[in-house]
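Shown here is one chain on its own, the form predicted on its own, set out as structure tokens.
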Amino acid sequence: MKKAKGYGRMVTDVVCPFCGTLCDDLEVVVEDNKIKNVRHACRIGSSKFLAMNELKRPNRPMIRKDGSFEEVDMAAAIEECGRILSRSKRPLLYGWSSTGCEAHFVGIELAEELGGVIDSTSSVCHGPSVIAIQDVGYPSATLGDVKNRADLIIYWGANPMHAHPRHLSRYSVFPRGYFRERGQQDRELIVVDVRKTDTAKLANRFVQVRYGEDFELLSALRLVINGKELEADEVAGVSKEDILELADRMKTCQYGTLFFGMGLTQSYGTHRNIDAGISLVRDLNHHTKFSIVAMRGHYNVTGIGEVLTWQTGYPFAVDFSRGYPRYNPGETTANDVLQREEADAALIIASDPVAHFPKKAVEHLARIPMITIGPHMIPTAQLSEVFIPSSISGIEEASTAYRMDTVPLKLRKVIEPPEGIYSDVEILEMILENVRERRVRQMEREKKAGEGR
């Protein structure tokens, strides 16, 4: 931290809590607990910091009474949360991708205590990637490896110019690396997508794949790379000549990296697309050095997968209803639990499923008692029985997050949160304590009843 020129103080080495790139070189100028300027961030990252000065945020917890919200103190809100969750037989704890790993620890403990289902936004974005990694492994690398070594960059089903704006300039195409001293001049960019995106406009080569046929194109590339004859004149809208040229370029690079996004995970084939992509990279490593990296979205969606895996052995959609962790995507994922109307209560944190889930899942969420923890009055909060405002991790609270390449980074605290606003960790710890106290009282009542008989 140092004095900024002209006014305020400058907080350096700030990590941006927006996307999975987790840019860690931001400089934030603060004066009178207000953010005055943000340096080095992309437009979206800057907006997240600078909007703190204009946001009209709720500053007290709210409980729904007679159809409308009523402000209460924190003790009353925690008591109501404890009541809702303790009475539930199959609660769903969902979200987690935009909060720190410290909150994940407590959330998993709460899910286990309740015998509930805990799931993250992975189940509706890169869940298929995780399933594929479990099937065939993950020949990956850090973004630092890519920056310093890669001479071939491929983005498949991803548009980082919009989703991860500084990804190309910090880690893939433009930066100068240890073995790529001339930056962009030492690299080639290939984009494979269903349409010519803004990222594709920057590419040395754009390969337009027919929608829903990524698996076929990946399989054709594997066929050629493994020395087999491709008999078809075209595959997935790509000519045989272009496939042969692409395969040759991939085999002859010095170090290549395949970045893939939701264009692969959410199209036909889902996790089988990722299976094929990982297998392609594995095949390429018989000829050269190649790695693969998932373009994760929310800034700590990788983190919740890491923490869940440490503590339960499973990366998302973990069910504690049998007294031990169980994992079965398609059964224990949030959308499936909601659409089968199995969840009888929900705790939503750091996400907004009402704005993004299918209609049937949202309809069930609206019917069950729901608790929302987060800094803003989002659509999910508006349907909740309890809303508890929280501080913003990485701006108002220090925490830990995992970059898309599973490298952990410490998020810094830049400003103080509004008075009376607690962090996600503190709120979850209070709820967990309340639930445990209720369990103890229930056990004591049952014991006394048994003695009376």
Partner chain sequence: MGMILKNGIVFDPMNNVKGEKKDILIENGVIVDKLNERTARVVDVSNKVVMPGGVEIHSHMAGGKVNSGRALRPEDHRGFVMPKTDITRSGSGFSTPTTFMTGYLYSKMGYTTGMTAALPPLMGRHTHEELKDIPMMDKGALTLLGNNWFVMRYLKEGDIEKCAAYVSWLLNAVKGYAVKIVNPGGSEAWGWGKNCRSIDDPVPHFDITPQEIIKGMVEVNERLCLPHSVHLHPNNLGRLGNFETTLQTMKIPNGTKAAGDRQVLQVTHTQFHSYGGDSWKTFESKADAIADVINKSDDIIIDTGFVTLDETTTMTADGPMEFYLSGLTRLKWVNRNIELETSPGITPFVFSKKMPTASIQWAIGLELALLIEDPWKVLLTTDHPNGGPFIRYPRIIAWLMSEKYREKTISEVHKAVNKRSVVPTLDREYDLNEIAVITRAGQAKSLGLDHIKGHLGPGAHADIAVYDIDPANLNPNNYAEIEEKFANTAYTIKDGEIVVKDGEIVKVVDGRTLFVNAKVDPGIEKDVIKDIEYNFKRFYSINLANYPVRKEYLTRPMEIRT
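Residue numbers count along the first chain shown, from 1. Quick caveat, the model's predicted, so the values are computed rather than measured.
Quick note: we don't show the form predicted in complex with its partner chain, though the next part is all about it.
For the candidate set E71, D186, E234, E112, a heavy atom within 4.5 Å of its partner chain in the predicted bound form is found for exactly one residue, namely E112.
Checking E79, D352, D145, E213 against its partner chain in the predicted bound form, a heavy atom within 4.5 Å turns up for just one residue: D145. Taking the partner from the other structure, its partner chain in the predicted bound form has a heavy atom within 4.5 Å of a heavy atom of K410. For the chain shown alone, N59 is not a contact residue for its partner chain in the predicted bound form, no non-hydrogen atom being within 4.5 angstroms. Taking the partner from the other structure, its partner chain in the predicted bound form has a heavy atom within 4.5 Å of a heavy atom of P315. When its partner chain is considered in the predicted bound form, R176 lines it closely, a heavy atom lying within 4.5 Å.
Checking 319-327, 340-348, 239-247, 82-90 against its partner chain in the predicted bound form, the stretch whose residues place heavy atoms within 4.5 Å of it is 319-327. The partner is not shown here, and in the predicted bound form the stretch 360-387 never reaches within 4.5 angstroms of its partner chain through any heavy atom.
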